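The chain below stands alone and is given in structure tokens; this is the form predicted alone.
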Amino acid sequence: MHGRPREYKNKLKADPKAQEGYKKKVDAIRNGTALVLEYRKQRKYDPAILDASAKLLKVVPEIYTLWNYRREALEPVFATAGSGGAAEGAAQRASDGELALTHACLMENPKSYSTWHHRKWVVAKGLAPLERELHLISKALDEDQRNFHAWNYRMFICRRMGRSAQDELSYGEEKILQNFSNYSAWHFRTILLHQMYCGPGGAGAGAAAGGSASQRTPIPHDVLDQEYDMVHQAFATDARDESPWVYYRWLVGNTLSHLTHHKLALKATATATSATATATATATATAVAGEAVSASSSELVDATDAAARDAAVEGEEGAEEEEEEAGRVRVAAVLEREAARLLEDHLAAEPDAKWPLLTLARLREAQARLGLAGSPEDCEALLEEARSLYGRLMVLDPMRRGFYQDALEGRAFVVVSALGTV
């Protein structure tokens, strides 16, 4: 767990008897594992060997081949679930037994990938009480709030329960308020917000929840504004903690995604308008030909249709330009507001604070490179400010000098632009 260093290696160096005991333990684990693997090779799943594998896993839960052996042995048992009678009881006992085993293994190693995976496999069989699982995982997160295995398992259980993203958002916020350094809880929040506003059932129904911010339907500005306010509370508590700043960068990326979304939406609208106009013109020409009107009448109709079509396209283009400009103005206002907050709330008191300086540099660079600062001269001035900030960070944080050098030369922005963030 966090803040609990592993001391066993130091103890072994200082105690010859402990070294001898450790060697015997390792030899026993190797021999036991070899025995189980031999039985697996022969496709034999004797109860005694299953018991042996369970004992080994309680000592070393990361031997994933032993978990595979147990799944192979128990799959036929779980296949009988729902058939009633003795078979049903055997499947339930198998489920309860595996849940008890994984619980014991997680007490030994709360961050065992193999153990969490096996527990998910058992729960997916549909015989575990989900309310109990949610209660257990809540207790586990009380013990270690930043265990990302437990957070992932909680999401898995909530999906199976059909628990709403809004309910889970409240739970995650509670954990964040308990500890602003809880990176896993911040990450959990990003997933939930995308589910609510960018995924099935949200405002952006049908949009993918994965990918970069620029590839998703944007989270609404008013929601992002509330998130900005929340993360600034974390900054006020401890501006040196990295977790809220990572989340803040994610927020900025989602703000910038509105620019890309506007362009894609307007391009789609323009394409649809053009197609409609073309179809209308074609239909009109066909009707005119069918009625066998005179050549002079046809030319008059064509000219009239062309004029109407051109007027419609010009009107659409004008509306699109206005909408795109309004979107750019909104994003520019958010970036400028956030830059001002960093200057007034953080850098005024601590001029050399690393995270506020780096974030301000990124905001200024985004404003400049995306043309959100007004005139070309204003954009160039902000770009120079960003470069100056990167140079200052090279002095304040020499261990990451190469990172700031790349940023100063514009290479970092190329990468983050491709990722849809800043």
Partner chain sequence: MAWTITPSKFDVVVIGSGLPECLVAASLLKAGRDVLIIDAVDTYGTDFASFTPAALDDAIVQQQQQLTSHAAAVSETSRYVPAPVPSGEEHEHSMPKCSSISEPVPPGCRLLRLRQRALPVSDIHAFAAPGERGGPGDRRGYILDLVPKLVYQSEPLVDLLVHCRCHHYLEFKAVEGSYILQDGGIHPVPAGRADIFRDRRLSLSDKRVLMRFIQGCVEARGGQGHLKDVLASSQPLAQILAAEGLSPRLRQVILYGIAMCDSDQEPTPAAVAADNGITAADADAAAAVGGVMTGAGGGAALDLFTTSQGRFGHEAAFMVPSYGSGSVAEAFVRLCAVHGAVTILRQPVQALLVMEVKEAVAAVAAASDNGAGSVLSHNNGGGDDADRLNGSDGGAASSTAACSCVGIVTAAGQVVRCKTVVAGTGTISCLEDVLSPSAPPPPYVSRAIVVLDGPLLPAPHGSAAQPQPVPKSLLTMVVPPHSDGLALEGQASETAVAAWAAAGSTGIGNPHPVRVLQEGASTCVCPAGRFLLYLSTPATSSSSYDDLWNTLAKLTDTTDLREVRSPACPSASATSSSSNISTAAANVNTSTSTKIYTDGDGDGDGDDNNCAVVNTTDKHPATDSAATSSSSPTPRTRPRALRAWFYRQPVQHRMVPAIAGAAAGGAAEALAYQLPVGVLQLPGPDGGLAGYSQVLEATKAAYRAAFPGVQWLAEATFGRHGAGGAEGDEEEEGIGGDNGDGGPAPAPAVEEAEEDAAIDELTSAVARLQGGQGV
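Positions refer to the first chain, counted from 1. Model, not experiment: these values are computed from the prediction.
The form predicted in complex with the partner chain exists for this protein as well; it is not shown, and the discussion that follows is about that form.
The three marked residues, Asp167, Thr237 and Asp241, each reach the partner chain in the predicted bound form, with a heavy atom inside 4.5 Å. Listed stretches are 393-401, 34-42, 361-369, 378-386; the contact stretch with the partner chain in the predicted bound form is 34-42, by a heavy atom cutoff of 4.5 Å. This chain lacks the partner; the member of Leu357, Ile49, Ile63, Ala373 within 4.5 angstroms of the partner chain in the predicted bound form by a non-hydrogen atom is Ile49. The partner is absent here, but in the predicted bound form a heavy atom of Tyr171, alone among Phe148, Tyr113, Phe156, Tyr171, sits within 4.5 Å of the partner chain. In the predicted bound form, Ile176 approaches the partner chain with a heavy atom inside 4.5 Å. Taking the partner from the other structure, the partner chain in the predicted bound form has no heavy atom within 4.5 Å of any heavy atom of Glu324.
Shown alone here, Ser257 lies farther than 4.5 Å from the partner chain in the predicted bound form, counting heavy atoms only. Heavy atoms of Phe188 never reach within 4.5 Å of the partner chain in the predicted bound form, leaving it off the interface.
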